[in-house]
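Form predicted on its own, single chain, as structure tokens, below.
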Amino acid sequence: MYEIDRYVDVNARGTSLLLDMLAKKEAGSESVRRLVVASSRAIYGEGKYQGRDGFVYPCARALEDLQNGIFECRDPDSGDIATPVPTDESSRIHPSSIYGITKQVQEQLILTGGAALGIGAVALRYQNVYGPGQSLKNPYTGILSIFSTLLLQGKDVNIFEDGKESRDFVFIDDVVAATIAVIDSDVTGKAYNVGTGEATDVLTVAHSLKSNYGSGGEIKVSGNFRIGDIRHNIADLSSIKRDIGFVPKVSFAEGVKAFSQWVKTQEISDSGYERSVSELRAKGLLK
């Protein structure tokens, strides 16, 4: 939330420069036939929920609820606790972070620009991607990297909220397969979710990693929370299955095992996690 200019510069301006080159037909641009943008589930914000009278789209959770240990989202109409359901591509777009806003703009730039330039364009809304090759030194690449580094250093893992917050973790091999399938297709002007369609909570992630490594510190549920975090994330894959024929093949259990085996071959050093936590606290974003 505090690198606003960097997000805008890379995601929005970087994309505008690419489209500008294509519009001006600079060297090599005339041979471009497809544009596939790596969008993000972050554009949905909290995503789709079942409320008392139908589907609802909760906004940011109330600080008072979080402070009282009520972490689930409420139906914005009734105030009751709502139930998360898979979020489809026609769901409301309401990003809850600067990053999400810039990814929404980037996606719209590519889809609109592609149509204007006569280039087939597709947006892929990747869920929480993980797998061999991801950075173990950058604390912003995801909790699997953070937890792995902490566990292999014998440090405790601090789980935020109650550990039941969930994400749709999709293995890199499935992401690559979906991306290639879209590149090779004739579909244009559409956006697709790329995930597993299954939610995995953070406690399950932590215990799975600890089991695969066979060592590490304790897993502790702290009740801390970060301002702006979403609670749940589940992708509806109906569209990409129907239009592209993509079906994920790697379960979380299989993927986390492959990831853990790769991590064991890497040099484990400071991930910067403690520094990132200090930054969040200093900016009032971690409670």
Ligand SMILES: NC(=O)c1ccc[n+]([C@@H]2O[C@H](COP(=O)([O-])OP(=O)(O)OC[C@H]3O[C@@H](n4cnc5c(N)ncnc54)[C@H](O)[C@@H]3O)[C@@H](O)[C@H]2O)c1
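Numbering starts at 1 and runs along the sequence shown. Quick caveat, the model's predicted, so the values are computed rather than measured.
The form predicted in complex with the named molecule is left out here; the points below concern that form.
Although the partner is absent from the chain shown here, V10, Y99 and V129 each have a heavy atom within 4.5 Å of the named molecule in the predicted complex. With the partner omitted from this view, the residue of A258, V32, I70, A38 that lies near the named molecule in the predicted complex is A38 [heavy atom within 4.5 Å]. The stretch that touches the named molecule in the predicted complex, counting heavy atoms within 4.5 Å, is 121-129, out of 153-161, 202-210, 85-93, 121-129.
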